[in-house]
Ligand SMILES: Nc1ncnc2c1ncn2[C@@H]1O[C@H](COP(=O)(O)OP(=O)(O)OP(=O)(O)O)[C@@H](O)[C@H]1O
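Only one chain is shown below, in structure tokens, and it's the form predicted on its own.
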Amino acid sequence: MQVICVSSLKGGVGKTTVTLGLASAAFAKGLRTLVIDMDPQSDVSSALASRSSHGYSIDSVLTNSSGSVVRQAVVPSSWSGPDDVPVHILMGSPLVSSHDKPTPTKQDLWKLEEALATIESQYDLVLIDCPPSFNGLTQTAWTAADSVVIIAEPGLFSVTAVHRTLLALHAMRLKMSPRLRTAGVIINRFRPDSAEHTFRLAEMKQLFGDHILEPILDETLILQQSTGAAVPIHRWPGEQAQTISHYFDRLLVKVLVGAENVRG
């Protein structure tokens, strides 16, 4: 089981949308996939959940990481048909914000790692949608992860956010998890006709070099449409959706290779 966090220390960059795109690529490959919603906004749960978890959520799991609680907090997603390898979702909740402490204890940080150990044999891939901050929830997710993929858009504030995230990852390696690595930086919402975006993209490539993962994701409404319809992008009709699906296929391979290198 590979555990990959999808993170940004800046909000509004399409982190949840990219999480869903990577999950769609894993779904298309037939990987046994679990998506964990660590963000108190719970957007990825809204996009994926097909039925209630009867009140159990990531908040429950971080309070009690026993296998029985974990299993009750995980539900099949709306993507899963009778002939599919199902994508599951560990439900999010606004209540999880109570765990987002600025200075979590080591016991707090190990909670998700302990929970995932109870279901490790059931999944090939775990994708964790993290909140856009470096408080307790993100640190807990990173402690349980093999690698972190950073989401950014080509703007000034995203350039500084990527730099902060890389520094935070280095601090976490020293503090809690020596195995934690950077899977790369995915550039989202790029507008080719924008001089500012073109300039910032070139700046990011110069600053962060091999961390930048290709292909770059252009700004498009197709992802929002498929998300709103609770349909994975790989099953959305049209040539543009096929192109975006291929992009996520390539990005998933690179992210998985990065995580595998960590284990190796």
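From 1 onward, residues are counted along the sequence shown. Bear in mind the structure is a predicted one, so any value in this text is a computation, not a measurement.
The same protein has a further form, the form predicted together with this ligand, not shown here; the description that follows concerns it.
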Residue-level contact is defined here as any heavy atom of the residue lying within 4.5 Å of this ligand in the model of the complex; does residue 189 satisfy this criterion?
yes
Check whether residue 13 has any heavy atom within 4.5 Å of a heavy atom of this ligand in the model of the complex, and answer yes or no.
yes
Although the partner isn't part of this model, could you tell me whether residue 204 comes within 4.5 Å of this ligand in the model of the complex, counting any heavy atom of the residue?
no
Is residue 24 a contact residue for this ligand in the model of the complex, using a 4.5 Å heavy atom cut-off?
no
Select, from the options 205 to 213, 220 to 228, 62 to 70, 235 to 243, the stretch whose residues sit within 4.5 angstroms of this ligand in the model of the complex by heavy atom distance.
220 to 228
In the model of the complex, the residue from 104, 132, 86, 184 with a non-hydrogen atom within 4.5 Å of this ligand is 132
